[in-house]
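In C-alpha coordinates, one chain follows: the form predicted alone.
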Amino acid sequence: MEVKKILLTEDEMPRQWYNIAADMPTAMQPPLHPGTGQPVGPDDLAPIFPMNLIEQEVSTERWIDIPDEVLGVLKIWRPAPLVRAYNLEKALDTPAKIYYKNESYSPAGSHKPNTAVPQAYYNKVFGTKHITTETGAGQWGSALSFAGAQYGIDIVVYMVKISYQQKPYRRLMMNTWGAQCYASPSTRTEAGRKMLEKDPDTPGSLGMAISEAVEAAVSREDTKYALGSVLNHVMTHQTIIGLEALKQFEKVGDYPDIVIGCAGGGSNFAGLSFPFARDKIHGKEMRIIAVEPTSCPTMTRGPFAYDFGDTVQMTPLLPMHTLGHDFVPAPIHAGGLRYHGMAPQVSQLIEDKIIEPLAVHQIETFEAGVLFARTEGIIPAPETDHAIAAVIREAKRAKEEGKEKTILFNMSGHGLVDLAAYDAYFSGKLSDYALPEEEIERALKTIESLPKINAG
(Lines give C-alpha, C1' and ligand atoms only; values in the text may rest on other atoms or scores of the structure.)
Protein backbone atom coordinates (compact mmCIF):
# COMPACT_ATOMS: atom_id res chain seq x y z
CA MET A 1 0.00 0.00 0.00
CA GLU A 2 1.33 3.43 -0.96
CA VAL A 3 2.35 5.61 1.98
CA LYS A 4 0.85 9.05 1.41
CA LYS A 5 1.95 10.86 4.58
CA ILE A 6 5.32 10.46 6.29
CA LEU A 7 4.70 11.32 9.93
CA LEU A 8 6.77 12.12 12.99
CA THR A 9 5.63 11.75 16.58
CA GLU A 10 5.78 14.67 18.97
CA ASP A 11 8.79 13.00 20.60
CA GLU A 12 10.59 13.23 17.25
CA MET A 13 10.12 16.99 16.90
CA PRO A 14 13.37 18.94 16.56
CA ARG A 15 14.47 20.39 19.90
CA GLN A 16 16.80 22.95 18.33
CA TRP A 17 16.63 25.43 15.47
CA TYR A 18 19.36 25.48 12.82
CA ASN A 19 21.25 28.76 12.31
CA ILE A 20 22.79 28.82 8.84
CA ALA A 21 25.06 31.72 9.86
CA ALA A 22 27.44 29.05 11.18
CA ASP A 23 27.87 27.54 7.70
CA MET A 24 27.61 30.48 5.29
CA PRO A 25 30.30 30.21 2.59
CA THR A 26 30.71 34.00 2.60
CA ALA A 27 30.60 36.07 5.78
CA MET A 28 27.49 38.22 6.01
CA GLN A 29 27.80 41.99 5.58
CA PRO A 30 26.65 43.75 8.77
CA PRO A 31 23.42 45.78 8.99
CA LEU A 32 24.16 49.52 9.06
CA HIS A 33 22.68 52.26 11.21
CA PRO A 34 20.22 54.37 9.15
CA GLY A 35 21.67 57.61 10.53
CA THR A 36 25.42 57.01 10.75
CA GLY A 37 25.95 54.30 8.14
CA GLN A 38 28.06 52.38 10.68
CA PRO A 39 27.45 48.73 11.67
CA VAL A 40 24.61 48.50 14.17
CA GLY A 41 25.13 47.05 17.62
CA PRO A 42 22.64 45.42 20.00
CA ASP A 43 21.91 48.75 21.69
CA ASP A 44 20.87 50.26 18.35
CA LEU A 45 18.23 47.55 17.93
CA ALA A 46 16.98 47.67 21.52
CA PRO A 47 14.20 50.23 20.89
CA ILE A 48 12.67 47.87 18.32
CA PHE A 49 13.34 44.30 19.53
CA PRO A 50 13.74 42.60 22.92
CA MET A 51 17.36 41.79 23.76
CA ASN A 52 16.79 38.02 23.82
CA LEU A 53 15.77 38.11 20.14
CA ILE A 54 18.60 40.52 19.29
CA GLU A 55 21.02 37.92 20.68
CA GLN A 56 19.57 35.35 18.26
CA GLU A 57 19.71 37.83 15.38
CA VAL A 58 23.49 38.27 15.72
CA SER A 59 24.28 34.70 16.79
CA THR A 60 26.62 32.46 14.80
CA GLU A 61 25.89 29.39 16.95
CA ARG A 62 24.84 26.51 14.70
CA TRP A 63 22.12 25.20 17.01
CA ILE A 64 19.75 27.20 19.22
CA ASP A 65 17.60 25.40 21.79
CA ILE A 66 13.82 25.69 21.40
CA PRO A 67 12.28 26.54 24.81
CA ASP A 68 9.86 23.94 26.20
CA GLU A 69 7.20 26.66 26.49
CA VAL A 70 7.49 27.25 22.74
CA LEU A 71 7.47 23.55 21.89
CA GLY A 72 4.27 23.18 23.90
CA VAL A 73 2.46 25.64 21.63
CA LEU A 74 4.07 24.37 18.42
CA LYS A 75 2.68 20.92 19.23
CA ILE A 76 -0.80 22.23 18.46
CA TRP A 77 0.05 21.52 14.81
CA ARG A 78 3.59 20.16 14.69
CA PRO A 79 5.19 17.93 13.56
CA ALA A 80 3.73 18.71 10.12
CA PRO A 81 3.38 15.83 7.66
CA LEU A 82 5.57 15.29 4.62
CA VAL A 83 3.15 14.27 1.86
CA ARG A 84 3.74 12.41 -1.41
CA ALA A 85 1.78 14.03 -4.25
CA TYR A 86 0.95 10.80 -6.11
CA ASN A 87 -2.06 12.21 -7.96
CA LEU A 88 -0.15 15.25 -9.18
CA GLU A 89 2.63 12.95 -10.40
CA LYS A 90 0.08 10.89 -12.35
CA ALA A 91 -1.55 13.97 -13.85
CA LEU A 92 1.85 15.15 -15.08
CA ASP A 93 2.88 11.65 -16.19
CA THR A 94 6.29 12.32 -14.70
CA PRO A 95 8.96 9.95 -13.40
CA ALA A 96 9.65 12.48 -10.67
CA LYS A 97 8.57 11.88 -7.08
CA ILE A 98 6.93 15.00 -5.67
CA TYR A 99 6.74 15.64 -1.93
CA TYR A 100 5.42 18.65 -0.05
CA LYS A 101 5.76 19.76 3.54
CA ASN A 102 2.25 20.71 4.58
CA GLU A 103 2.43 23.89 6.64
CA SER A 104 -1.27 24.64 6.13
CA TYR A 105 -2.09 22.65 9.29
CA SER A 106 -1.28 25.55 11.61
CA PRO A 107 -4.10 27.53 13.27
CA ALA A 108 -3.43 30.47 10.95
CA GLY A 109 -3.18 28.17 7.92
CA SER A 110 0.45 28.85 7.06
CA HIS A 111 4.08 28.50 8.17
CA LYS A 112 4.07 31.90 9.89
CA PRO A 113 3.25 30.72 13.46
CA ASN A 114 6.59 28.85 13.50
CA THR A 115 8.25 32.20 14.26
CA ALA A 116 5.25 34.13 15.62
CA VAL A 117 5.06 31.81 18.65
CA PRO A 118 8.73 32.11 19.70
CA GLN A 119 8.74 35.85 19.03
CA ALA A 120 5.69 36.31 21.26
CA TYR A 121 7.27 34.06 23.90
CA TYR A 122 10.58 35.92 24.00
CA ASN A 123 8.74 39.25 24.17
CA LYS A 124 6.65 37.95 27.07
CA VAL A 125 9.79 36.85 28.94
CA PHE A 126 11.33 40.27 28.27
CA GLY A 127 8.28 42.05 29.70
CA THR A 128 6.79 43.44 26.50
CA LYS A 129 3.11 44.38 26.79
CA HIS A 130 2.33 45.36 23.20
CA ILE A 131 3.71 44.27 19.81
CA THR A 132 3.22 46.10 16.52
CA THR A 133 3.75 44.53 13.13
CA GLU A 134 2.88 44.74 9.45
CA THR A 135 1.35 42.14 7.17
CA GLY A 136 0.93 41.72 3.42
CA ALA A 137 -1.56 38.99 2.61
CA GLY A 138 -2.47 38.71 6.28
CA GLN A 139 -0.72 35.39 6.96
CA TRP A 140 1.84 36.98 9.29
CA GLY A 141 -0.63 39.30 10.96
CA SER A 142 -3.01 36.46 11.74
CA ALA A 143 -0.15 34.24 12.96
CA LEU A 144 1.17 36.88 15.36
CA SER A 145 -2.40 37.56 16.55
CA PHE A 146 -2.74 33.85 17.40
CA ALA A 147 0.64 33.86 19.14
CA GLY A 148 -0.18 36.99 21.10
CA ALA A 149 -3.33 35.32 22.40
CA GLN A 150 -1.22 32.41 23.68
CA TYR A 151 0.92 34.71 25.83
CA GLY A 152 -1.46 37.57 26.67
CA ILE A 153 0.27 40.21 24.54
CA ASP A 154 -1.67 42.99 22.78
CA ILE A 155 -1.09 42.94 19.00
CA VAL A 156 -1.58 45.80 16.54
CA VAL A 157 -1.25 44.99 12.81
CA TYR A 158 -0.77 47.38 9.90
CA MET A 159 -2.05 45.52 6.84
CA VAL A 160 -1.15 46.60 3.27
CA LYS A 161 -4.25 48.43 2.05
CA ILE A 162 -4.85 46.42 -1.13
CA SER A 163 -4.69 43.16 0.85
CA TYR A 164 -6.88 44.66 3.60
CA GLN A 165 -9.48 45.22 0.89
CA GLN A 166 -8.95 41.93 -0.96
CA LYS A 167 -8.72 39.66 2.09
CA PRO A 168 -11.25 40.74 4.76
CA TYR A 169 -11.33 37.30 6.34
CA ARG A 170 -7.67 37.50 7.34
CA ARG A 171 -8.48 40.72 9.17
CA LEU A 172 -11.38 38.95 10.89
CA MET A 173 -9.04 36.14 11.92
CA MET A 174 -6.82 38.73 13.61
CA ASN A 175 -9.83 40.27 15.36
CA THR A 176 -10.97 36.83 16.54
CA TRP A 177 -7.61 36.28 18.23
CA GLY A 178 -7.90 39.71 19.88
CA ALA A 179 -5.68 41.86 17.65
CA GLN A 180 -6.37 45.25 16.09
CA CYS A 181 -5.83 45.54 12.34
CA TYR A 182 -5.57 48.78 10.32
CA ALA A 183 -5.23 49.37 6.57
CA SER A 184 -1.82 50.81 5.73
CA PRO A 185 -0.98 53.54 5.05
CA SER A 186 -3.19 54.87 7.83
CA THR A 187 -3.73 58.17 9.61
CA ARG A 188 -2.54 56.64 12.91
CA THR A 189 1.14 57.41 12.34
CA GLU A 190 3.16 60.29 10.98
CA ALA A 191 4.66 57.98 8.36
CA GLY A 192 1.21 56.88 7.23
CA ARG A 193 -0.11 60.44 7.03
CA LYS A 194 2.87 61.52 4.90
CA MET A 195 2.40 58.61 2.50
CA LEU A 196 -1.32 59.35 2.14
CA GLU A 197 -0.55 63.00 1.51
CA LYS A 198 1.82 61.99 -1.26
CA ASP A 199 -0.66 59.50 -2.82
CA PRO A 200 -4.14 59.24 -1.26
CA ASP A 201 -5.00 56.30 -3.53
CA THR A 202 -1.86 54.24 -2.94
CA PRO A 203 -2.48 50.46 -2.67
CA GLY A 204 0.16 50.40 0.06
CA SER A 205 3.22 48.20 0.32
CA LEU A 206 5.00 46.13 2.94
CA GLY A 207 7.67 48.84 3.11
CA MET A 208 5.01 51.39 4.03
CA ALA A 209 3.38 49.11 6.59
CA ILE A 210 6.76 48.38 8.19
CA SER A 211 7.37 52.12 8.56
CA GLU A 212 4.08 52.53 10.42
CA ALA A 213 4.64 49.52 12.68
CA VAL A 214 8.20 50.55 13.60
CA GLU A 215 7.10 54.12 14.35
CA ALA A 216 4.29 52.85 16.57
CA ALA A 217 6.68 50.52 18.40
CA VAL A 218 9.39 53.05 19.22
CA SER A 219 6.84 55.56 20.52
CA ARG A 220 6.17 53.50 23.69
CA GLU A 221 8.60 51.86 26.12
CA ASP A 222 6.34 48.85 26.74
CA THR A 223 5.99 48.13 23.01
CA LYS A 224 8.22 46.21 20.60
CA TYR A 225 8.09 45.40 16.92
CA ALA A 226 7.96 41.92 15.36
CA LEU A 227 8.86 41.03 11.78
CA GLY A 228 7.55 37.91 10.05
CA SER A 229 10.34 37.50 7.52
CA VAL A 230 13.71 38.85 6.28
CA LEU A 231 15.66 38.85 9.59
CA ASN A 232 18.09 36.12 10.65
CA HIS A 233 16.19 35.02 13.76
CA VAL A 234 13.02 34.59 11.70
CA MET A 235 14.85 32.37 9.22
CA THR A 236 16.25 30.35 12.12
CA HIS A 237 12.85 29.77 13.76
CA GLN A 238 11.41 28.52 10.47
CA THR A 239 14.09 25.84 10.02
CA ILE A 240 11.94 23.48 12.07
CA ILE A 241 10.23 22.83 8.70
CA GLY A 242 13.33 21.56 6.92
CA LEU A 243 14.67 19.77 10.00
CA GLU A 244 11.44 17.76 10.23
CA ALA A 245 11.61 17.05 6.49
CA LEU A 246 15.15 15.65 6.81
CA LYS A 247 13.94 13.20 9.46
CA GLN A 248 10.95 12.25 7.33
CA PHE A 249 13.07 11.56 4.25
CA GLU A 250 15.30 9.34 6.38
CA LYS A 251 12.23 7.26 7.25
CA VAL A 252 11.55 6.49 3.58
CA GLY A 253 15.17 6.29 2.49
CA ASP A 254 14.94 9.21 0.09
CA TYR A 255 16.46 12.67 -0.34
CA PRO A 256 15.43 15.55 -2.63
CA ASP A 257 17.27 16.41 -5.82
CA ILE A 258 15.38 19.71 -5.98
CA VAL A 259 14.03 21.86 -3.12
CA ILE A 260 11.54 24.61 -4.03
CA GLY A 261 9.77 27.38 -2.13
CA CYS A 262 8.08 30.66 -2.94
CA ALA A 263 9.91 33.71 -1.62
CA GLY A 264 8.67 37.18 -0.71
CA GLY A 265 10.81 38.08 2.28
CA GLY A 266 12.28 34.58 2.47
CA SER A 267 10.92 32.94 5.63
CA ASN A 268 9.03 29.89 4.36
CA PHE A 269 11.61 29.30 1.67
CA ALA A 270 14.48 29.51 4.16
CA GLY A 271 12.62 27.39 6.70
CA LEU A 272 12.39 24.49 4.28
CA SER A 273 15.63 24.96 2.36
CA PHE A 274 18.29 26.04 4.87
CA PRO A 275 18.80 22.60 6.48
CA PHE A 276 19.24 21.21 2.95
CA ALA A 277 21.41 24.19 1.94
CA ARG A 278 23.77 23.18 4.74
CA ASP A 279 24.18 19.80 3.02
CA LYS A 280 24.76 21.52 -0.33
CA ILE A 281 27.34 23.86 1.20
CA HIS A 282 29.18 20.76 2.42
CA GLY A 283 29.16 19.06 -0.99
CA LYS A 284 25.73 17.52 -1.57
CA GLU A 285 24.59 17.72 -5.21
CA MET A 286 21.15 19.33 -5.42
CA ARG A 287 19.26 22.37 -6.67
CA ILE A 288 17.48 24.86 -4.40
CA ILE A 289 15.02 27.19 -6.18
CA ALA A 290 13.40 30.34 -4.77
CA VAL A 291 10.33 31.46 -6.73
CA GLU A 292 8.96 35.01 -6.97
CA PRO A 293 6.42 36.93 -9.11
CA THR A 294 7.53 38.59 -12.34
CA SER A 295 5.71 41.71 -11.08
CA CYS A 296 8.02 41.95 -8.06
CA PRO A 297 11.31 40.42 -9.28
CA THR A 298 13.47 41.22 -6.28
CA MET A 299 15.88 38.29 -6.63
CA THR A 300 15.96 37.91 -10.40
CA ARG A 301 16.27 41.58 -11.38
CA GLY A 302 17.15 43.51 -8.24
CA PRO A 303 20.82 44.17 -7.38
CA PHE A 304 22.51 42.91 -4.22
CA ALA A 305 22.90 46.17 -2.34
CA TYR A 306 22.39 47.93 0.96
CA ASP A 307 18.85 49.23 1.33
CA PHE A 308 16.27 50.12 3.94
CA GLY A 309 13.67 47.54 4.85
CA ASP A 310 10.94 50.18 4.96
CA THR A 311 9.72 53.10 2.87
CA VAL A 312 10.51 56.05 5.18
CA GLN A 313 14.02 54.78 6.05
CA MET A 314 13.59 54.02 9.75
CA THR A 315 15.06 50.50 9.72
CA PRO A 316 18.75 49.56 9.56
CA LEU A 317 20.29 49.23 6.11
CA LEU A 318 20.41 45.55 5.14
CA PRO A 319 22.54 43.83 2.48
CA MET A 320 19.94 42.25 0.22
CA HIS A 321 18.55 41.88 -3.25
CA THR A 322 16.28 44.89 -3.59
CA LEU A 323 14.11 46.88 -5.97
CA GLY A 324 14.47 50.04 -3.88
CA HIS A 325 12.72 50.91 -0.64
CA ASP A 326 10.06 53.15 -2.21
CA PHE A 327 9.11 50.54 -4.84
CA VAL A 328 5.35 49.90 -4.84
CA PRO A 329 4.56 46.50 -6.40
CA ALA A 330 1.59 45.89 -8.65
CA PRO A 331 -1.46 44.73 -6.63
CA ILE A 332 -1.24 41.05 -7.55
CA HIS A 333 -3.12 38.55 -5.40
CA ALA A 334 -0.01 36.94 -3.89
CA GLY A 335 0.25 39.72 -1.33
CA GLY A 336 2.86 37.90 0.74
CA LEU A 337 5.32 38.11 -2.17
CA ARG A 338 4.94 41.86 -2.72
CA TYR A 339 8.08 43.07 -0.93
CA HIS A 340 10.91 45.15 -2.35
CA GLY A 341 13.70 43.26 -0.58
CA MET A 342 14.85 39.74 0.21
CA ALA A 343 16.28 38.26 3.39
CA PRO A 344 20.03 39.01 3.64
CA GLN A 345 20.90 35.35 4.24
CA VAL A 346 18.87 34.23 1.21
CA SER A 347 20.39 37.05 -0.84
CA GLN A 348 23.95 36.10 0.10
CA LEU A 349 23.30 32.44 -0.73
CA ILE A 350 22.04 33.53 -4.16
CA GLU A 351 25.31 35.39 -4.65
CA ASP A 352 27.18 32.24 -3.59
CA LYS A 353 25.22 30.11 -6.13
CA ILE A 354 23.74 27.90 -3.41
CA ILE A 355 20.24 29.15 -4.29
CA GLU A 356 18.88 29.89 -7.76
CA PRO A 357 16.04 32.43 -8.16
CA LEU A 358 13.14 32.08 -10.58
CA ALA A 359 10.33 34.50 -11.51
CA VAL A 360 6.96 33.24 -12.81
CA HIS A 361 3.88 34.96 -14.20
CA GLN A 362 0.62 35.20 -12.25
CA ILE A 363 -1.59 33.18 -14.65
CA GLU A 364 0.85 30.24 -14.62
CA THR A 365 0.79 30.20 -10.83
CA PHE A 366 -3.01 29.99 -10.64
CA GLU A 367 -3.07 27.29 -13.31
CA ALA A 368 -0.65 25.34 -11.11
CA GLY A 369 -2.70 25.93 -7.97
CA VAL A 370 -5.90 24.73 -9.63
CA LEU A 371 -4.19 21.59 -10.93
CA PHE A 372 -2.85 20.89 -7.45
CA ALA A 373 -6.28 21.41 -5.89
CA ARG A 374 -7.92 19.08 -8.40
CA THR A 375 -5.35 16.36 -7.89
CA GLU A 376 -4.22 16.65 -4.26
CA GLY A 377 -7.34 18.27 -2.78
CA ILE A 378 -5.80 21.26 -1.00
CA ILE A 379 -6.52 24.74 -2.33
CA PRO A 380 -3.16 26.51 -1.98
CA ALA A 381 -2.57 30.16 -1.11
CA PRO A 382 -1.62 32.27 -4.16
CA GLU A 383 1.90 32.51 -2.71
CA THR A 384 2.24 28.72 -2.57
CA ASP A 385 1.02 28.54 -6.18
CA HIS A 386 4.35 30.06 -7.22
CA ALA A 387 6.24 27.13 -5.73
CA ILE A 388 3.84 24.65 -7.35
CA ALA A 389 4.34 26.29 -10.75
CA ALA A 390 8.09 25.68 -10.43
CA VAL A 391 7.48 22.10 -9.27
CA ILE A 392 5.38 21.42 -12.37
CA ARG A 393 8.11 22.85 -14.59
CA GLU A 394 10.71 20.59 -12.99
CA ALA A 395 8.44 17.52 -13.12
CA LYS A 396 7.88 18.10 -16.84
CA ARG A 397 11.61 18.54 -17.34
CA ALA A 398 12.22 15.20 -15.60
CA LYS A 399 9.81 13.58 -18.05
CA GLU A 400 11.54 15.19 -21.05
CA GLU A 401 14.93 14.04 -19.77
CA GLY A 402 13.63 10.61 -18.76
CA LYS A 403 15.16 11.00 -15.31
CA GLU A 404 13.81 9.99 -11.94
CA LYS A 405 14.08 12.95 -9.59
CA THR A 406 12.83 13.69 -6.10
CA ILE A 407 11.26 17.13 -5.77
CA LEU A 408 10.37 18.75 -2.44
CA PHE A 409 8.40 21.96 -1.99
CA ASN A 410 6.82 23.87 0.84
CA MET A 411 3.04 24.06 1.01
CA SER A 412 3.46 27.31 2.89
CA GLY A 413 -0.23 28.07 3.29
CA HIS A 414 -3.76 27.17 2.21
CA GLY A 415 -6.00 29.45 0.16
CA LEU A 416 -9.34 29.04 1.91
CA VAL A 417 -9.53 32.77 2.67
CA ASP A 418 -8.01 33.67 -0.71
CA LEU A 419 -10.92 32.42 -2.81
CA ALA A 420 -11.60 35.91 -4.19
CA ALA A 421 -8.27 35.56 -5.98
CA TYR A 422 -9.37 32.27 -7.52
CA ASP A 423 -12.67 33.90 -8.48
CA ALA A 424 -10.73 36.60 -10.30
CA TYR A 425 -8.73 33.88 -12.07
CA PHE A 426 -11.79 31.90 -13.15
CA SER A 427 -13.51 35.11 -14.27
CA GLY A 428 -10.59 36.01 -16.53
CA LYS A 429 -9.85 39.18 -14.58
CA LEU A 430 -6.20 38.36 -13.86
CA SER A 431 -3.34 39.28 -16.16
CA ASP A 432 0.38 38.72 -16.35
CA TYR A 433 2.62 41.64 -15.57
CA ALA A 434 6.37 41.83 -16.07
CA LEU A 435 7.87 44.85 -14.37
CA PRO A 436 9.21 47.31 -16.99
CA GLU A 437 12.95 47.95 -16.87
CA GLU A 438 12.40 51.71 -16.61
CA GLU A 439 10.34 51.19 -13.45
CA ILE A 440 13.20 49.22 -11.89
CA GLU A 441 15.70 51.90 -12.89
CA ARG A 442 13.50 54.60 -11.35
CA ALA A 443 13.08 52.67 -8.08
CA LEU A 444 16.79 51.91 -7.80
CA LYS A 445 17.72 55.60 -7.99
CA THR A 446 16.66 55.79 -4.33
CA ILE A 447 19.60 53.60 -3.28
CA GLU A 448 22.34 55.18 -5.41
CA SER A 449 23.60 57.32 -2.51
CA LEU A 450 23.50 54.54 0.09
CA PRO A 451 26.62 52.70 1.34
CA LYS A 452 27.93 50.03 -1.00
CA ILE A 453 28.43 46.36 -0.21
CA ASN A 454 32.07 45.43 0.34
CA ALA A 455 32.98 43.16 -2.58
CA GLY A 456 35.98 41.86 -0.66
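Counting begins at 1, following the sequence as shown. Every value quoted in this text rests on a predicted model; they were computed, and no experiment measured them.
Below, we turn to the form predicted together with a further copy of the same chain, even though it does not appear here.
Chemist: Would a further copy of the same chain be touched by all three of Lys5, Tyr105 and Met173 in the predicted bound form, meaning a heavy atom each within 4.5 Å?
Modeler: Contact check passed for all of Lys5, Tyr105 and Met173.
Chemist: Determine which one of 191-199, 253-261, 288-296, 377-385 lies within 4.5 Å of a further copy of the same chain in the predicted bound form, judging by heavy atom distances; exactly one does.
Modeler: Correct option: 377-385.
Chemist: Of the residues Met314, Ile363, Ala91, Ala373, which one places a heavy atom within 4.5 Å of a further copy of the same chain in the predicted bound form?
Modeler: Exactly one residue meets the criterion: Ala373.
Chemist: Only one of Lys353, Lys75, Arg220, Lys284 gets a heavy atom within 4.5 Å of a further copy of the same chain in the predicted bound form. Which one?
Modeler: Answer to the contact question: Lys75.
Chemist: I'd like to know whether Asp43 contacts a further copy of the same chain in the predicted bound form, with contact meaning heavy atoms within 4.5 angstroms.
Modeler: Judged by the heavy-atom cut-off of 4.5 Å, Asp43 is well away from a further copy of the same chain in the predicted bound form.
Chemist: So, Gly178 and a further copy of the same chain: in the predicted bound form, are they within 4.5 Å at any heavy atom pair?
Modeler: Yes, contact at 4.5 Å.
Chemist: Within 4.5 Å, heavy atoms only: does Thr300 come near a further copy of the same chain in the predicted bound form?
Modeler: No - in the predicted bound form, heavy atoms of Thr300 and a further copy of the same chain never come within 4.5 Å of each other.
Chemist: Given that a further copy of the same chain is not shown alongside this chain, does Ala27 nevertheless sit within 4.5 Å of it in the predicted bound form, heavy atom to heavy atom?
Modeler: Heavy-atom contact with a further copy of the same chain at 4.5 Å: absent for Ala27.
Chemist: Can you name the residues of 415-429 that have a non-hydrogen atom within 4.5 angstroms of a further copy of the same chain in the predicted bound form?
Modeler: Residues within 4.5 Å: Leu416, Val417, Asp418, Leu419, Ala420, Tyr422, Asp423, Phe426.
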